[in-house]
Ligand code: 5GP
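For reference, the chain that follows is the form predicted on its own, supplied as structure tokens.
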Amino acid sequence: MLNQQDISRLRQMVAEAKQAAIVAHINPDGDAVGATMALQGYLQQFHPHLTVQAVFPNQPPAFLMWVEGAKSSFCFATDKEKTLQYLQQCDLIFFVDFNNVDRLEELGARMRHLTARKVLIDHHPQPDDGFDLEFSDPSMSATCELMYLIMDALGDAKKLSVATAEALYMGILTDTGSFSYGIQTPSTFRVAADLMALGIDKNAVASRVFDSYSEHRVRLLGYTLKDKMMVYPEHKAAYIYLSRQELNDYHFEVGDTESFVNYPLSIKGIELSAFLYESLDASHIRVSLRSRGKNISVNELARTHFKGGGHFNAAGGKFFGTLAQCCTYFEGILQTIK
């Protein structure tokens, strides 16, 4: 339930601000892109006095860039000077779909000294301190669901543009796996119905997201499942692993491995899945974790073993070592899970 005092504070902050930025986490997924672009569209529609700009630490996947305004967003990785100059002039910054500034990596370190008011809108547990205003609710299936409810509390949800509604729907669709997981309450379906009532084409949104992969991505998935998946029925677990060379062999682009970690969970009896892959510069191993049911908290696994975190059933982190060492380490973890 949203706190009306917080809604009033948000309304006042926006009214007083002159320049704002909306920042998403590194390697932005559908919920991050959807929430960022929806908030930008909302502010442009209802608060035209405010200069507002979406900011991504690195480039979002191509199959998410159809959302209105995404192609004109700032990308820190490709234009650091322009991005930092804009942020330094902001008096209001929104942080969406993450709750720890460390998730911005280099951009986060460069932002710590900024004096702008900071507003958090997120659905991950255990938010960091340091925000002037927090909208944090782990019961939400997606940040986009929470974003819609905030817009509704502000009295504007029924007047949203179709483009903003599409961005919100995309975030909910992707973070729930097409409404198959991560849904905590009936609110998710009510919000989706409200967005449909605004005139979105839900089938077109799904097609833009799930039916626009490259041939290289599909072949990489086939190779991964055939040759790079380890299954441990005795532990109800499986993991897949890819080296930087293997990713390069299939002309990897950002977003190509999105949802790979979910595939082992489609095996009967498997409750825990991991995807281990070398980072772009091969300096560490990125770890993506998923579970199903209520027996295994991958949030706890990520925080304990991989300097990360997330949700009960979806989390991630990093391992500093070789890919082979990470695989061995993960296999050791399986021995401790009861």
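In case it trips you up, residue 1 is the first one in the sequence shown, and so on. Source: prediction; values computed, not measured.
This next part talks about the form predicted in complex with the ligand, which is not shown.
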Triplet N100, R286 and A314 all within 4.5 Å of the ligand in the predicted bound form via a heavy atom: yes
So which of P57, G41, G310, G30 gets a non-hydrogen atom within 4.5 Å of the ligand in the predicted bound form? G310
Of the listed stretches (288-296, 64-72, 266-274, 43-51), which one has a non-hydrogen atom within 4.5 Å of the ligand in the predicted bound form? 288-296
Contact set, 121-142 vs the ligand in the predicted bound form - heavy atom within 4.5 angstroms: H124
